[in-house]
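Presented below, as structure tokens, is a lone chain in the form predicted alone.
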């Protein structure tokens, strides 16, 4: 793959720069444990996921929308009988998630440090603006990035606008991320390059069950492997 023309490298944030998804999975387990007297865990998880999907268009992504979905799911599962103490517990657990320490993924800071010497680096992620800005500052990675882009979703149009804003052509743009749905497929669709670094935990909404074959796509095991290509 010829990458000599790359000028900008964009990185997803959650589960690409730092750990994120495992905290949601733990919160879901704790939620269904709280609701175990009303419904079996498997059914609880399914109802919660359905409510999250329904609310995405209204609330978007992030911990605060997740908390609202937890509360709505608790009301639904309990048929409006959930004690206020459980709602309070859900709110407190969401606040705990918001203040959780940032855990960088292995090799990411060293990789950013090397790449920033040669390329413009961008953090391109979706989610809640305040929460993502907070995590970036706490991560200590902010100074490596030339530009920060936090959007409500990641579609081909979002990437086209970003590439135009950066004043480059699609073939000068490389996206790095853990989600095929958000970080890889829409980037390939606009004619740019995309490197996939899978994470061991993936939200069901982001899973794409298809084999991707593309001359501008590579799958890596960890961030440090980027230095073998760039």
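Residue numbers count along the first chain shown, from 1. In this text, all values refer to a predicted model and were calculated from it rather than measured experimentally.
There is another form of the same protein, the form predicted in complex with a further copy of the same chain; it is not shown, and what comes next is about it.
Exactly one listed residue, out of 77, 115, 151, 141, brings a non-hydrogen atom to within 4.5 Å of a further copy of the same chain in the predicted complex: 151. Here the chain stands by itself, but in the predicted complex one stretch of 181-189, 65-73, 40-48, 168-176, 65-73, has heavy atoms within 4.5 Å of a further copy of the same chain.
Contact annotation for residue 26: none of its heavy atoms lies within 4.5 Å of a further copy of the same chain in the predicted complex. Taking non-hydrogen atoms only, residue 133 approaches a further copy of the same chain to within 4.5 angstroms in the predicted complex. Contact annotation: residue 53 falls outside 4.5 Å of a further copy of the same chain in the predicted complex, judged by heavy atom distances.
The closest non-hydrogen atom of residue 160 lies beyond 4.5 Å of a further copy of the same chain in the predicted complex. Contact check at 4.5 Å (heavy atoms) against a further copy of the same chain in the predicted complex: all three of 57, 84 and 91 pass.
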